[in-house]
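The chain below stands alone and is given in structure tokens; this is the form predicted on its own.
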């Protein structure tokens, strides 16, 4: 992975002044911003508070992408936010956040500016479910809030009234240069919260950005820090990457940085042959990424099952796995060797075993003898269809998918428009 030779800026929250980018300095137009997010900002501002669209929403809009969500930061406290909005619920224990709820399950997060308090150094016994970052419930200013963020490209503030971007951390220049840079000293920020290393990798892979050289070196030298984070949190963080549309690229980059060794070491066995370009494992994950990009969600269960089938089956070829796995006298015993470092919840492991067993069973039945209605009530039918499609090897595999797919969304045809029902067999 190439990485930039730029160094981390020396400025700190105390001496930072915002570089202000006016409407003519960026690509964001008011009509691209979620209407509810704009209304929240306007109401807060009318009440005398500061309010900005922040983080990933500003980053994605600046890059010409459609944001997944629009987060807002303000100097109003959670109680003050709640007094202004009837659809508000305060959540969180470590740091209280306001969630504003709208129709169709939509919600927008409104957070109060956070202060730059140095968290304690992580210790062996000083772990919470959320990891080493503790004592977060101290409020600050937009300056301190910007410096609390992980990377510069996520530290931008957009004022929807003036359409000005406030940049305290050099994020706009890094967006233009294609650089992922940690705010502050990388090793210090990674010690505070090792999960930040995963986020650096994610944003590099998702955007095709270089990782700033000091940050890159720090990750290479301190990858083992990830073992100090809550394992539940590491799993939850990695799950976000499953549905990123670039999961294979993220795995490669995690391998290069050394982090993969502490999360999914089984993918590195035999000189990382599973991640090689010719491996069917890589081909399957490429197909997963294609489906996600096409707007077809692929569940975490399906992706974890793909990892499990290749690591338990000890082959890079799907044809081998298809023969070997049904012969396993005890599938659960075979699967117990998977995910030695990644803490996959028990319920998820059970779903993986169920899905893999069903996949083997269906592939053992000829399309002519397959009775689709026998699987109609299976709770994992959507995952089964997805897995069969992703691992499609032969014309018969494609026929099985065609037989089972109509059982999905019988009353919701628009959710599957059929644009990839007739994919070519895998090889």
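All figures in this text were calculated on a predicted structure; none of them were measured in a lab. Numbering follows the first chain given and starts at 1.
From this point on, the text means the form predicted together with adenosine-5'-triphosphate, which you will not see here.
Note on the interface: of 199-207, 80-88, 248-256, 163-171, the segment with non-hydrogen atoms within 4.5 angstroms of adenosine-5'-triphosphate in the predicted bound form is 199-207. With the partner omitted here, the residue from 287, 334, 99, 233 that has a non-hydrogen atom within 4.5 angstroms of adenosine-5'-triphosphate in the predicted bound form is 233. Only one of 94, 341, 240, 324 comes within 4.5 Å of adenosine-5'-triphosphate in the predicted bound form through a heavy atom, and that residue is 240.
Proximity of residue 69 to adenosine-5'-triphosphate in the predicted bound form falls within the 4.5 Å heavy atom cutoff. Taking non-hydrogen atoms only, residue 397 never approaches adenosine-5'-triphosphate to within 4.5 angstroms in the predicted bound form.
In the predicted bound form, no heavy atom of residue 282 sits within 4.5 Å of adenosine-5'-triphosphate.
Although the partner is absent here, residue 383 is not a contact residue: none of its heavy atoms lies within 4.5 angstroms of adenosine-5'-triphosphate in the predicted bound form.
Shown without its partner, the chain has 148, 149, 150, 154 in segment 147-182 as residues with a non-hydrogen atom within 4.5 angstroms of adenosine-5'-triphosphate in the predicted bound form.
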